[in-house]
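Starting off, we have a lone chain in the form predicted on its own, written out as structure tokens.
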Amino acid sequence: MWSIRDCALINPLGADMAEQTAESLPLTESPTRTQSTFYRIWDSDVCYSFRSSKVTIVAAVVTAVIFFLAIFAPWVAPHRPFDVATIDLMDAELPPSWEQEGDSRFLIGTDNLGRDLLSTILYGTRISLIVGFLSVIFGLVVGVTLGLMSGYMGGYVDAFIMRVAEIQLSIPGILVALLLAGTLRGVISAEAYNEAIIYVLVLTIGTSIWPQFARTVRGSTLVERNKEYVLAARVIGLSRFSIMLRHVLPNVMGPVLVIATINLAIAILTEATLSFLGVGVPPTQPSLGTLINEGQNYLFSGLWWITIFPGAVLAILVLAVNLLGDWLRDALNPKLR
């Protein structure tokens, strides 16, 4: 290819014209530089998979709406169901507003204590989501830590952690949660148990789900620990803790995000089961499971709305989160791209 210097050797006038032409042409950047971060994310495989699945979009919208209403329940709810001054027992067991005996103040009716059922569901969903998120975070931290130690160190550490995880996996998670909740209820007083019920549920549910994180992280760590970047980190003298935290952990977090999304639905359902069985949150600050438990006593007496609406919200929430988890699992699987 001829350059401007070569043109100057052959024809000086041509070189001047080439320089003027080069200066007059606008400087254009490469497409990768002009694209913003938003468009790069929008054109990624994960976003394309999300946009091409109508079921996933509907599940995401439903999950976002429920999360928004639950988080901002103190501002969105039409009534304050836990404020004794605003509750009237004369409003108890009112049907939904579209029925003949319904009241326009209570859209989907009231419960046996006269509380607005819609407001109670919003507050109950908030409690269920708080317990679910904290339980998943607790199980994730414990499981990822033990999984990294098991996969990287090996030997007796690996054998001990995996045997404990396998023993726990052989027992249904709800039984593990019931055992821990019952043990804590017998150790501490009833008043202290009710005050710390959120932390008790987080501990019991998180303890029941950590083996799934540990086994997944262990398998990924066994693959990563023999790669060149880990061997190079050993050669330069980095400690085991530094290698696991700075090098191995970021490369094993992909499957963990999928498991965390799926376990969020499991944690919400487990909390509802524990509350339904009477070892969860008290009726004074009910979750969805507590509302279903209270309503099932009146189901055959015609007060169907006290059970049906909390049960429907719980089913829709768990289904939507599970659909998002299934999509995320398929989107992050390189074999399906």
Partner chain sequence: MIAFLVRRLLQAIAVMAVVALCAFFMFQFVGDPVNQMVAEDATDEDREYLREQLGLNDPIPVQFGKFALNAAQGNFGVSYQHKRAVSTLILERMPATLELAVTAAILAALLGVPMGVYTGLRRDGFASKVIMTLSLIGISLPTFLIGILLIYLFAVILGWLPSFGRGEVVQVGAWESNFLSASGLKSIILPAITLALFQMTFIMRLIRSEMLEVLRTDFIKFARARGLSNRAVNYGHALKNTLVPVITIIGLQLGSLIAFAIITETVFQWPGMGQLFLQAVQVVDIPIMSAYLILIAFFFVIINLIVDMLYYVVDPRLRVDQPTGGGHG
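Here the structure is a predicted model, which means the values were calculated and not measured. Residue numbers count along the first chain shown, from 1.
Form predicted in complex with the partner chain: not shown, discussed below.
Enquirer: Answer with one of 53, 307, 63, 285: the residue that has a non-hydrogen atom within 4.5 Å of the partner chain in the predicted bound form.
Expert: Looking at 53, 307, 63, 285 one by one, just 307 meets the 4.5 Å heavy-atom criterion.
Enquirer: Just give me the single entry in 226, 239, 183, 189 that has a non-hydrogen atom within 4.5 angstroms of the partner chain in the predicted bound form.
Expert: Only one listed residue qualifies here, and that residue is 183.
Enquirer: Look up in the predicted bound form whether residue 233 has a non-hydrogen atom within 4.5 angstroms of the partner chain, and give yes or no.
Expert: Residue 233 lies outside the contact set for the partner chain.
Enquirer: Should residue 172 be counted as a contact of the partner chain in the predicted bound form, where contact means heavy atoms within 4.5 Å?
Expert: Although the partner chain is absent here, residue 172 would touch it in the predicted bound form, with heavy atoms inside 4.5 Å.
Enquirer: Examine residue 166 and determine whether its closest non-hydrogen atom to the partner chain in the predicted bound form is within 4.5 angstroms.
Expert: Although the partner chain is absent here, residue 166 would touch it in the predicted bound form, with heavy atoms inside 4.5 Å.
Enquirer: Answer for residue 314 alone: is it within 4.5 Å of the partner chain in the predicted bound form, judged on heavy atom distances?
Expert: Yes, residue 314 lies within 4.5 Å of the partner chain in the predicted bound form.
Enquirer: Based on heavy atom distances of 4.5 Å or less, which listed stretch (124-132, 172-180, 195-203, 246-254) is in contact with the partner chain in the predicted bound form?
Expert: Flagged stretch: 172-180.
Enquirer: In the predicted bound form, which residues of 276-313 put a heavy atom within 4.5 Å of the partner chain?
Expert: 276, 277, 278, 279, 292, 296, 299, 300, 304, 307, 308, 311 sit within 4.5 Å of the partner.
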